[in-house]
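Next up: a single chain in structure tokens, the form predicted alone.
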């Protein structure tokens, strides 16, 4: 293992996002340890494979463990669990946390950094926004379908040495990585896509291509973005209208991509209802924004996911 300025890295949540970004850091020579459950035996036997537009990255030997205690204290903990599993972090993280451990969340939505800061200290917390289409297609197999950039920042603080070091490590293996001062603003920028496309995928049973091909659904997605733009601006994040237009245009390249929330819903897994739709709605309303479309979308998704949970999927 090459020496890395990042030190020892632990990945909690070794699904598509955790394996892709953790795997690319391992490919860059970093000392990465994956906390795994379902894929553990396969990855120990066959390694980790990441298929991208540029080819295949195969990591034949991967450091992975069934428990956090086996990994022990790390310098950076990458958190890629769904936000619905945040309660599990209270049990999973303590064995990984040393005196100066950084907690680096790649989770969707709003409120995850604050959850970590309130329990382990704001000075530990970093966040990353993954603008990417990734699926886990089989145990230990990740397919990177499109985009791939990541924006990295401190929680409530400007760019630091550790943020730049993580960004540099990603860039060394061809992942577009940006160090940002306004992490919360970046979260609102990502919500511009996640809120309408993940939401409509469930509410209308429509993949990305379906939403874009239907004039009414496409217009609804853009109208939801307008509500988010207004809320973000009221909260101090100056996002231009052109960014929302770009989000629509770039999505044509995704084809029939099924957003992660759609996959979770179809498989009967918990959906990140509050992190993706509920918290932006609450913050926007508190700032004085009018958000009737988001309120309705939130209510629909909450209703259908709760009903499915009661039926036992």
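Residue numbers count along the first chain shown, from 1. Note that the coordinates shown come from a computational prediction; the quantities given were computed from them, not determined experimentally. If you superpose the two forms and keep the largest set of C-alpha atoms that fall within 1.5 Å, you have the rigid core.
Not on display, but discussed next: the form predicted together with a further copy of the same chain.
Enquirer: If we take heavy atoms and a 4.5 Å cut-off, which stretch out of 130-138, 98-106, 165-173, 204-212 is in contact with a further copy of the same chain in the predicted complex?
Expert: Contact-bearing stretch, as computed: 204-212.
Enquirer: Just to confirm, with a 4.5 Å cut-off on non-hydrogen atoms, which of 220, 146, 182, 230 contacts a further copy of the same chain in the predicted complex?
Expert: Exactly one residue meets the criterion: 220.
Enquirer: May I ask you to choose, among 161, 90, 216, 238, the residue with a heavy atom within 4.5 Å of a further copy of the same chain in the predicted complex?
Expert: Exactly one residue meets the criterion: 216.
Enquirer: Does the 4.5 Å heavy atom contact test between residue 200 and a further copy of the same chain in the predicted complex come out positive?
Expert: Although a further copy of the same chain is absent here, residue 200 would touch it in the predicted complex, with heavy atoms inside 4.5 Å.
Enquirer: Within a 4.5 Å heavy atom cut-off, is residue 25 in contact with a further copy of the same chain in the predicted complex?
Expert: Answer no; every heavy atom of residue 25 is more than 4.5 Å from a further copy of the same chain in the predicted complex.
Enquirer: Quick one: does residue 297 come within 4.5 Å of a further copy of the same chain in the predicted complex, counting heavy atoms only?
Expert: Close contact exists here: in the predicted complex, residue 297 approaches a further copy of the same chain to within 4.5 Å, heavy atoms only.
Enquirer: If you look in the predicted complex, which residues in 292-307 sit within 4.5 Å of a further copy of the same chain (heavy atoms)?
Expert: Stretch hits, in order: 292, 293, 295, 296, 297, 299, 300, 302, 303, 304, 307.
Enquirer: Quick check: residue 200 between this form and the one not shown - does its CA shift reach 2 Å or more after fitting the rigid core?
Expert: Yes, its C-alpha moves 2 Å or more.
Enquirer: Indicate whether residue 60 shows a C-alpha shift of 2 Å or more between this form and the one not shown, with the rigid core used for the fit.
Expert: Not so; residue 60 is displaced by less than 2 Å.
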